[in-house]
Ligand SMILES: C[S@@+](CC[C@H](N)C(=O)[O-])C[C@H]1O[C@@H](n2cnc3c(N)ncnc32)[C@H](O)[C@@H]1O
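Here we start with a single chain on its own, the form predicted on its own, put down as structure tokens.
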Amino acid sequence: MTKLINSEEVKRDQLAFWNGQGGDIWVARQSHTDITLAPVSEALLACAAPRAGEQVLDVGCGCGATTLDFAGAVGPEGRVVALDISEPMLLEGERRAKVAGLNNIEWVKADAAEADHAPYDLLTSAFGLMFFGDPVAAFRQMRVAAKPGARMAFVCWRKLDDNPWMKVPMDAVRPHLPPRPAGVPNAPGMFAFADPNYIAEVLTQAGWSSPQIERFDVDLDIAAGGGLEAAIDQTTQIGAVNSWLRGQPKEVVEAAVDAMSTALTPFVEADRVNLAAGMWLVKSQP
């Protein structure tokens, strides 16, 4: 297996984005995102099956939506170490934990590929493990701290064609925007783990057991109950469409947004905008 991109370059780009405007925007949009991804959080919690009193490592915790779920599940005798590289998102997660009255979470700004992790019973992540420049080295580093009998459970995106909630808006704006660079298979990013064979290759080379990989399909309300305008606002503020629109002339953006509105209208159901999403639920052991 060869590294596709210089790992230091990937790290620099990720740190800059998540500690700058990118992290701030995701914090501002987090309430909407939490509602949209609630079915995914529920599925991950069921897949991971945390037990009372366990020590959990939550990698790429973001603003802590799933972190709070796991902290509640392990109870006051358990502990969650919530790891992320984004200081704005960690601060938001810590704020939310205080509001929820959860005192068993440690919020840590660190790169999971390099950090010395505390011993854990369960490693989990919701879309936080696909961005490593050298994924084999990262999973090897995370495995070092696993307790005897530890386990890992995470969720990641399948290919774009399996995710109309992303593909429909992207296809709608495509005619109005400059071409995007061709994607590189398995490159760090949202779809790095779209190929289950690649997931298995990475994990086994890093010393983990051959993983159990299960398809998970669900409809996501990209409006978060706010109707078509809320869906368009969210889609243009974060994610692939946002990065594509960034820096474009006003008239180009307006034409692209009009096209996206037309494309999403058939999926409107009252205040919801429901589109299919496809993921992998992955389980393994060190």
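If you're wondering where the values come from, they're calculated on a predicted model, not measured in any experiment. In case it trips you up, residue 1 is the first one in the sequence shown, and so on.
We do not show the form predicted in complex with this ligand, though everything after this point is about it.
Problem - Heavy atom within 4.5 Å of this ligand in the predicted complex - residue from Thr236, Thr36, Gln30, Gln55 - result: Selected residue: Gln30.
Problem - Partner-contacting position among Val173, Leu123, Met89, Ala194 - heavy atom within 4.5 Å of this ligand in the predicted complex - result: Exactly one residue meets the criterion: Met89.
Problem - Stretch from 72 to 80, 144 to 152, 163 to 171, 127 to 135 whose residues place a heavy atom within 4.5 Å of this ligand in the predicted complex - result: Looking at the other structure, the answer is 127 to 135.
Problem - Residues Asp116, Phe139 and Trp208 all lining this ligand in the predicted complex, heavy atom within 4.5 Å - result: Verified in the predicted complex; spot residues all out of contact, no.
Practice task
Look up in the predicted complex whether Leu203 has a non-hydrogen atom within 4.5 angstroms of this ligand, and give yes or no.
Solution key: No, Leu203 stays farther than 4.5 Å from this ligand in the predicted complex.
Exercise for the section: Although this ligand is absent from this view, report whether Trp26 comes within 4.5 Å of it in the predicted complex, heavy atoms only. Expected result: Trp26 belongs to the contact set for this ligand.
Handout entry: Heavy atom of Ala65 within 4.5 Å of this ligand in the predicted complex
Key = Yes - in the predicted complex, heavy atoms of Ala65 and this ligand come within 4.5 Å of each other.
Exercise for the section: With heavy atoms only and a cut-off of 4.5 Å, decide whether Trp18 touches this ligand in the predicted complex. Expected result: Yes, Trp18 sits close enough to this ligand in the predicted complex that at least one of its heavy atoms falls within 4.5 Å.
Practice task
Go through 95 to 111 residue by residue and record those having a heavy atom within 4.5 Å of this ligand in the predicted complex; state none if no residue qualifies.
Solution key: Result: Ala110, Asp111.
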